[in-house]
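As a starting point, one isolated chain is supplied in structure tokens, in the form predicted alone.
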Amino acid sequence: MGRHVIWLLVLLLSLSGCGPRARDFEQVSSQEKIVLKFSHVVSEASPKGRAARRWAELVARRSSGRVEIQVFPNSTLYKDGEELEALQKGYVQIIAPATSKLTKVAPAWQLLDLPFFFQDIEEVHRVVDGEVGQGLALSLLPRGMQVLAFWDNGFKLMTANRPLQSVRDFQGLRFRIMDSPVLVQQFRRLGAEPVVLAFSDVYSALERHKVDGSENTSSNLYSKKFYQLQKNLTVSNHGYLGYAVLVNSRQWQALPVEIRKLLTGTLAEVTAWERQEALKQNQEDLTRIRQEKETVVYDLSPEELEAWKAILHPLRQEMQAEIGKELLQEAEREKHKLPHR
């Protein structure tokens, strides 16, 4: 790894020995069937849900049924606040949490929550597929978790029961967020109150007016029908929402080498497919929301967008100490790297 991720060595030393230790996964024989439980919290119709199912189907076919990935969507096994502990304890073998959920385990992951940090999805991929992504992945190993892939959802939009055009429109509103310090500060800077809720509780909270709004991608808004409970949607694309496909590292290392190769090779194909499908599905679902006309969709003008950025850009400096100055600098470099030809 390059010199720009030396920060990671300090991070690893500070985290080593911390956190719950996973139970050993029984070493399987060369003939024994392998069953891996994959828990996630979103709809099967979402990009993540579809990718999880595609991975499971391909692995079952290519292993002639020897490896079975059992997929449990919609928080049927664990809520998003419970998944990490379940993985660490070995109760489930695979999860794909939003990267925001990892910020409490390793603060450097807050980088991916910074508003208006990425201009487009290509910048995101250059960062998570580069040295910064490798560093983020290594920061979880002392916690008993191994990153196998980074999946996209997309860029987030804002919904509320009143128009959100000027930053002044956020004043006094309560917004559901994932539990990330960056997201807390984001809404405080906008003058709103952040409310941490599990994804499985969002629909009920919107329906009962416990919160006034939320941020999410159009695929999540559409697949979970959140948009039907919100009168206004602003196409802000202010922040990235992605997932880390994680395994329990001890259980993973106990698997036969050929099985790990099958799983990772197939996952690489699924990841490329998932990223393309996430982009496509978000575009299509936003079109569907516009066409159904249950929600007023507002596109920010260039001047309004700049006003949002002016309020939120200072978060980079404010969160620098937690995220790491060198990590931020390396991410800035990676964002602008030209692809190899």
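Keep in mind it's a predicted model, so treat the numbers as computed, not measured. We number the residues from 1 along the sequence you see.
Not on display, but discussed next: the form predicted in complex with a small molecule.
Asker: Should residue 118 be counted as a contact of the small molecule in the predicted complex, where contact means heavy atoms within 4.5 Å?
Answerer: No - in the predicted complex, heavy atoms of residue 118 and the small molecule never come within 4.5 Å of each other.
Asker: Using the partner position in the predicted complex, report whether residue 278 sits within 4.5 Å of the small molecule, counting heavy atoms only.
Answerer: No, residue 278 sits far enough from the small molecule in the predicted complex that none of its heavy atoms falls within 4.5 Å.
Asker: Considering non-hydrogen atoms and a 4.5 Å limit, does the small molecule approach residue 220 in the predicted complex?
Answerer: It does: once the small molecule is placed as it appears in the predicted complex, residue 220 has a heavy atom within 4.5 Å of it.
Asker: When the contact criterion is heavy atoms within 4.5 Å, does residue 42 count as touching the small molecule in the predicted complex?
Answerer: Looking in the predicted complex, residue contacts with the small molecule include residue 42, since a heavy atom lies within 4.5 Å.
Asker: Using a 4.5 Å cut on heavy atoms, which of 114, 178, 71, 77 is close to the small molecule in the predicted complex?
Answerer: Here the answer is residue option 178.
Asker: The small molecule isn't shown here, but in the predicted complex which of 230, 266, 216, 139 has a heavy atom within 4.5 Å of it?
Answerer: Only one listed residue qualifies here, and that residue is 216.
Asker: Among 141-149, 123-131, 184-192, 95-103, which stretch sits within 4.5 Å of the small molecule in the predicted complex, heavy atoms only?
Answerer: Selected stretch: 95-103.
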